[in-house]
Every structure is written in C-alpha cells, then in structure tokens.
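As structure tokens, one chain now follows by itself in the form predicted on its own.
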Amino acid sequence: MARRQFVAASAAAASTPTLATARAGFPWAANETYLNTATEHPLSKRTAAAMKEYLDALVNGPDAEREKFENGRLMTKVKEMFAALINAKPAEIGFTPSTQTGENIVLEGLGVMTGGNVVTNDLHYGGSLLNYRERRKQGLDTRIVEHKDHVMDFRDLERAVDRKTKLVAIALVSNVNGYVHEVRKIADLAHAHGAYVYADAIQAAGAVPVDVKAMGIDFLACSAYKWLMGGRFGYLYVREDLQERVLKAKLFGGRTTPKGASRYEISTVSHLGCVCQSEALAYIHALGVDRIRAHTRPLVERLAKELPALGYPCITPKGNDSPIVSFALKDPAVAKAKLKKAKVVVTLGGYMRVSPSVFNDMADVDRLIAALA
C-alpha cells in the first residue's frame, strides 16, 4: 500500500506543470524555434490528449463517453476558470465563437448605430478597425485616434471623447506591437462622460494579469487560440449590472437564457473547444499568469535591447509589460529568408513581431539574433 501511494504521489508530482518542464509539454518547440504565440499558441500534450479522448468517444462511443465531454458541467467549469482569470463572476461570462463576434454583440447591444459616437485608436486590431470604418459608411460617428510613436497619447483620446460618446473600444494589449493601454485611466475618462469601455483581450488574457474590476472594463471579448493556449473558441464578459439594462440581447438561439451573460449566447458552444480550454485554463492557473509574464519578460527585453543594433528599430515602448515586441523592417524579404533558413518563426509583414511563451527560452532568442546578424 505504501509503495502504491508513493508511486501515485510521484506520478502526480511529475504531471504538475511548472515553467521548468513547460518546454517538454509542447512538442512544437523541438521542431523549430517558434516565437509566434501572438498568432497562435501550440497545443500542449495534455490538451491534445484530452481532445483525442473526446474525439475517440465521438468515433467509437458509447454515448456515456461522449456525454462526459458534452455537458453543462464542463461548460460551467470552463466559465468559472476564465472568470477567475480576469476577476469576474461566472455569471458575467458568456461563450462566443470569436473576439470579433463578441465585439459586434457589444456594438449591436449598445445600439451604436442609433446615435452618439464610438472612439477607438489605430493600435486596435485591424479587423475591428475595418468594422468601425464600415459602420462609419453607414452613418456611425467613428473616431479613430492615431498613435504617436506606436503609443496612445492620452491627450488625443481626451479630445476625441465627449458627452455623446457611447463606447471607447481598445485592444487591451495591441496586436501590432504589444503596447499595453492605460486601461484604468481610459475607463475613468469614458465613465466621466457617461460612456462604456470595451477591451479586446485576445493578446492579454493568459499573458498579462487582467482584472476587469480594477481596470474598470465594462465589456471584454477574447478568443482562446493565442495566450489561452488553444481552441477556436471565445468568451464575452459583460459587467453584471449592465446586462440587459444597458447591453441589450439582439441575437437569439438555442443557447440563449434569461439570466447572466449567457443571454448573449446564440448557438451551441464548440464542445471540442471547451474540452481544449478545460485543460489549457487549468494549466495556466497552475503556472500562474504572474509567473508566465516573469518568464517571458527577459526574453523580449533582450530582443528589444539587441536587435536595434542589428538594424531593426524597436517599435514597442520601453518598459512595456507584455510578451510581444515588434521591430521595423527595412527589407522584409531579406528578414524572411534569413529566418526561414534558420527555422525561426515570427510574424513578418510590414514589421516583425516576436512573441515568446512558456515553452521558449533564451536559446530561442539566441537563434533569432544569430539568424538576423
């Protein structure tokens, strides 16, 4: 009996996630130098195992095995874990297919097309900016504040917000360069003018601490396939006292209920995404977001210090507290060829974006720097 207990305890200890063992849990890291979590996070072995078990139940049955994954208990568990991650109540969390769907639910529910204005800035996600520009064509007073040196100048935002502003919409962490907005300051400005704050948290949740209460966030949406470590799946946070009183449910379906943020759910949630998130969120909570952030900060800080000397000016502000760092490119094609040859994966377009996660280490940074030198 003592030996069996010892073996069981040893197995449990071995399976407990730590940053020291994180790399081994993500096999992708052994195949190439992947520094591109801001695009998509690799799946962990434990997440993949849970998803395979569910798929096996769908292929082979019996029905009792399928029901282990397709049930309200699992959905409730996932909502509770995401709520805890952002300091919200489970009743303030609804499921949504994507961040963009969540943002549109907020816009429609607030009735932005019936008058007033919406304020955002050009460090918001490109798809969101497309949304606002299209709505501008339809008559919405849309105010897109331009950044200054890839930072939001708060004075420019102050000039854009007035008594007719219904919503201030931001990317909590910008997908462009990882810039972390001054959320509490923005919320105070918006609330002082009778407006609300929407935060796109896809580049924040799981990567940096998010506290919707302390930050003054009224609405938040977030997909799971980046820093939440997997699943084409999403969440919508609606502050409890604003549900239905301020944010009206405009779309309805089989999942719509009269209580909580689930009143904004339109269709059945992705069960596979829910299984994925059940494992991924448990893993994130076990590691701790503060420790995850502390692990990635030295990696991006070193890149921000050394790459400018190689001809890659940093466009992320100094001291920025996210695991994303971006650089201007003189010749994207040359950088792309160098990194491809070295099997280093980052985001390349008009700029270069590097985004390490828990499975990365300083050796990965060495390979990136060596490839570009």
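Each residue number is its position in the shown sequence, starting from 1. As the structure is a prediction and not an experimental result, all values here were calculated from the model.
One more form of this protein should be noted, the form predicted together with a small molecule, which is absent from this view; the next part is about it.
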Please state whether every one of the three residues T99, A171 and Y225 places a non-hydrogen atom within 4.5 angstroms of the small molecule in the model of the complex. yes
Which of 201-209, 291-299, 159-167, 262-270 lines the interface with the small molecule in the model of the complex (heavy atom within 4.5 Å): 201-209
Note: exactly one of Y283, Y196, Y132, Y125 sits with a heavy atom within 4.5 Å of the small molecule in the model of the complex, namely Y125
Within 4.5 Å, heavy atoms only: does N175 come near the small molecule in the model of the complex? yes
